[in-house]
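First structure 1, then structure 2: two forms of the same chain, each alone, as structure tokens.
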Structure 1
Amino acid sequence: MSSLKIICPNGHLGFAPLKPGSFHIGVAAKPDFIAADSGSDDIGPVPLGSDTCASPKAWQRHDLREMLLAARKLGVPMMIGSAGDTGTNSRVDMYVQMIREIATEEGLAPFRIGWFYSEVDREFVRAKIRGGSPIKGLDARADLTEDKLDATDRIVAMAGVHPFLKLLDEGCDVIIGGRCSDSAIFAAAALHKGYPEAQSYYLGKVLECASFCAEPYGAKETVMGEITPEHVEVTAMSPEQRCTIASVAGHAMYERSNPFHEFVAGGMLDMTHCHYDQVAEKTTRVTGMDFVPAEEFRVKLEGSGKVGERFVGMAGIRDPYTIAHVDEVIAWARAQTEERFGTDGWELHYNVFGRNGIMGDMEPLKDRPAHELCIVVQGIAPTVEMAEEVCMTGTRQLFYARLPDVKGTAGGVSFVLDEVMHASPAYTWTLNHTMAVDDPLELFPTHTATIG
């Protein structure tokens, strides 16, 4: 066994188009697989709950076309996970249809496509709860209750390597996956070829976000990972980037409470003892990773539930006195909304940009606001009509706030727009839990077809 090469052109396929220059350099290196993740819960609960995309379909089609044409030219497998931002069944079907259309447009020779679904029926989860198998909460969440389950519109399970391995074993040239662990897409390719679990899962971890493991920062550039039984090497394909000890080690610690542990369905990648070497100007080698199998096979569930319809308003403040009393201004507007609608059945959310609009209460400098502020107001209610009026009241009453020592009548707030804007419905995360299953493929039905 020598080595296996995989290129990843985009850390979130379609969220912004991949960069063709570095991708074509990667293709010229003749990789054994071309793979990319297409989903994230960073985009919030709305796309999952509403079963929509956060990324324009044209951008997603662009990346799929580039990858498909390159993979078919080289005769190597192409693998996509978490299709269409969320990995719901409809997004998988959308990607499969796009592949069909591109293959027809380009007159590609016949190839085998495989896909799997990840949505989970609420009643299946309910049966687990009633059967005495708790749905355990993550990140300090309580175990799932039936009330919280009833407030959920859509659930996806996060697959591990197992459905990818099944479809690779069945000879698929293109695989479109439902919701899955980012690293599983790449790890499955290496495991399929017989590489050790530790190195395979590390390969997946380092490749999942493409050029985020390289420096200087430049998104959507291609990187190549090469695995042997002893180590993993990662190389930047963009001429302007390098994979350095710092950039690779830093990315290995990315997005986790414990910087050394990466959990997947079936176990944990332990990076505590990883060792990093700069073996070439653009390449870093990693050794010392370990994989710890799980004692119980549990699958992560993500769920989203609708809160209500939503409108958004915006207001600007330049007056120093109003800025100093912005909390009282917001409290006034909220009180006026309560006077109109009562205290229940609606929501108002205020983000004060220029003070703590991004970090909220975690902002260490919120006592030192900027010389001007922008207040973004979100009004949420059961109906479109009520949400619009809630948002309008919560926005416009900022102008009329009664503050001590104010003698003028012009108000201390300006409006970017006179109207409030109809936004997507508001959703909230309802499930961030794990569920025990007897079979790693239990929640992930697979399908195959021949295209071309």
Structure 2
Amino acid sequence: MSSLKIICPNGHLGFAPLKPGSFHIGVAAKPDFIAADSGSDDIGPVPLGSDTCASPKAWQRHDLREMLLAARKLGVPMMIGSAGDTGTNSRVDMYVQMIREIATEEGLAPFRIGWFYSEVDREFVRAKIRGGSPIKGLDARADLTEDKLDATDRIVAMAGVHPFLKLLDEGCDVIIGGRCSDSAIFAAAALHKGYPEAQSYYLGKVLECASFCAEPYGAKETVMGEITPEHVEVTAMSPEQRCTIASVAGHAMYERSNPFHEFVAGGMLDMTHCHYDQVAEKTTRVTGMDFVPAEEFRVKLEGSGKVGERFVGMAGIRDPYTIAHVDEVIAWARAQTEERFGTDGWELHYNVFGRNGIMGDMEPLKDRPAHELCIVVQGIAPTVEMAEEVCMTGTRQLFYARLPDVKGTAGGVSFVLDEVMHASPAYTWTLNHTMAVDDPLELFPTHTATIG
């Protein structure tokens, strides 16, 4: 066993299209696998809750086509995790269908496709709670209650390497995964070929976001990871980028609270003693990683629940006196909504851009607002009709706020649109928890088929 090479062209397949230039350089280097993750909880709870994508189908198809054509030409497996942003069953089916369509269009020779699901039935989770196996909260969340479960529309479990390994063992050329840990896709390829766990999981960790482990900053460029039993090397494929000690070590801490530990289903990658060497201009070598198997097999669950229908309004303010009293303006509009709908059963949210619209109470400069403000208003209610009226009241009444000393009495705010816009329903993350399971494959049923 000498080494194994994987290229990753995109850190979130579909979120923006991959850059073909560096991808084709990567393909020319003859990798043993082509893999990418397609999902994220960064996009908020709406896509999971409403079972939709965050990205246009055209971008997803673009990346799947590039990867499929290259993988079939090289005769190497192609692997995708967390299909369609969320990894729900419908997104997996959609990706499998896209692969079928591309294969037909391109007249590809027959190949084996495998896929797995990761949605979890709410009643399965309820049975765990009632059976005395607590669904433990992550990140300071309390253990899951049945109330919170009832407020959940859709749940996905985060797979580790196991369903990928099963499908690789079954000889699949293309694998479309449901929700999974980003690193598991790549780690599974290396584990399948017999490489040690520590190096395999590190390979996954460093490749999962493609060129985010390279510098200078440039997203959607291909990087290549090479694993041996002793080390992992990562190389930027873009002519503009390098993988440096700083960029690779820095990436280890990206998007996680602690730079030393990466938890996956079945264990933890420990990067505490990692050592980084610049072995070529564009290549950094990493050694010293450890893998600590978990004592109990716990799977992370993500859940999203609908809060209500939603409309969005916008209003601008230029009058300095009104800007100084913007909270009173908002309070007025809210009071008018209360007069109409009472105090419960609806929500109004105001983000005051130009003051603290982005950071809220964490904004250090909130007492120094800009010379003009934009207020984004969200109105949420159980029905579309009520949400529209809540939002319209909460926006329109900004216009009529009664400030005692305002000079402009013909209208207190500016409108770009004299209407409110129908937006996606509001959802919230209801589950960020872990659940014990007996069998690593229990929640992730696999399927295979021949295409072509």
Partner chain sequence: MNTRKKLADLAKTIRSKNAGTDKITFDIIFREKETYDLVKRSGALTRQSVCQRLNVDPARLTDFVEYDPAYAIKFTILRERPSGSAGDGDIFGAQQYAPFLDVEVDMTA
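Throughout, residue numbering runs from 1 along the sequence of structure 1. Note that the structure is a prediction, hence the values are computed from the model and not measured. Just so we're on the same page, rigid core means the largest C-alpha set that superposes within 1.5 Å between forms.
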- [ ] Would you indicate whether the form predicted on its own is structure 1 or structure 2?
- [x] 1
Task: After fitting the core, A28 CA displacement of 2 Å or more between the two structures - done: no
Open item on the list: Using a rigid core superposition, assess whether L403 undergoes a CA shift of 2 Å or more between the two structures.
Closed with: yes
Open item on the list: If the two forms are fitted on the core, does G412 show a Cα displacement reaching 2 angstroms between the two structures?
Closed with: yes
